[in-house]
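Okay, so here's just one chain, in structure tokens, the form predicted alone.
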């Protein structure tokens, strides 16, 4: 008999894996890291908020993806508002995708401009040198990541524009581009639900889409507002391999929630927020920010996630 209370994502016993005390320079917090594996090294591109409140990105490397993180002695990427004015209040929440056709790493990130957060893009071949391509979506927009391949000659990006009109909701969108610079044909992919659902009113992509035998696996966050504040929880969706506009499944329940002390309490309470995951055969390593104050790790089995999603596929019209 299946255990209904079994956790699909298992927290690493030594969580959190990186805190501000581990940094080689002073800062306020470290959280929300993009993640990749290159040449048997696990790499995190971490968001670090300094004591002014401005975020930058710093690289950390590990041989096993869990411990002994070697952190760059200085920030790896700092805001450059003199050349990129959209970065005046920081750069945040990187999501990393290897573009198979271009043989480069594409990093979408949030640039915090005077007009609000927007999506910017930079590329790298080795995570030593980075080239900014500038803003690709206007404010307010964030939670963006690319698919690793083209579809009918075009790149597709998942993103999350914000609507400030009461009662409209904030949804996950798709946008299309021939060249990574010019984006159009914007359309809603996943609607936020309404009412008392765990993912009512505001949702957004977490790590980049992951290719599986059954489709593109999506892990997304839902934000539910309660009398004691917002709760960030995670759910799953599955998109068609050939046409990611087609939703094959969407979980009716959340799959991961704030539970441990480092997730419940922080600069922002009750938050689990992943920007990166790494596939290692059937295993997933999920790196997430806890309480906007640390980086933690959870692991899962891809087959178990797909099986659970099939069993918990929402059949309710929303």
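For clarity, every value in this text was computed on a predicted model and none was experimentally measured. Positions refer to the first chain, counted from 1.
The discussion below concerns the form predicted in complex with beta-D-mannopyranose (BMA), not included here.
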> beta-D-mannopyranose (BMA) isn't shown here, but in the predicted complex, which of 60-68, 266-274, 247-255, 34-42 has heavy atoms within 4.5 Å of it?
Replying inline: 266-274
> So in the predicted complex, does any heavy atom of residue 155 sit within 4.5 Å of beta-D-mannopyranose (BMA)?
Replying inline: no
>> With a cut-off of 4.5 Å between heavy atoms, is residue 199 one of the residues that contacts beta-D-mannopyranose (BMA) in the predicted complex?
In response: no
> Any of the heavy atoms of residue 93 lying within 4.5 Å of beta-D-mannopyranose (BMA) in the predicted complex?
Replying inline: yes
> Any chance residue 50 has a heavy atom within 4.5 Å of beta-D-mannopyranose (BMA) in the predicted complex?
Replying inline: no
>> At 4.5 Å by heavy atoms, is each residue in 142, 232 and 292 next to beta-D-mannopyranose (BMA) in the predicted complex?
In response: yes
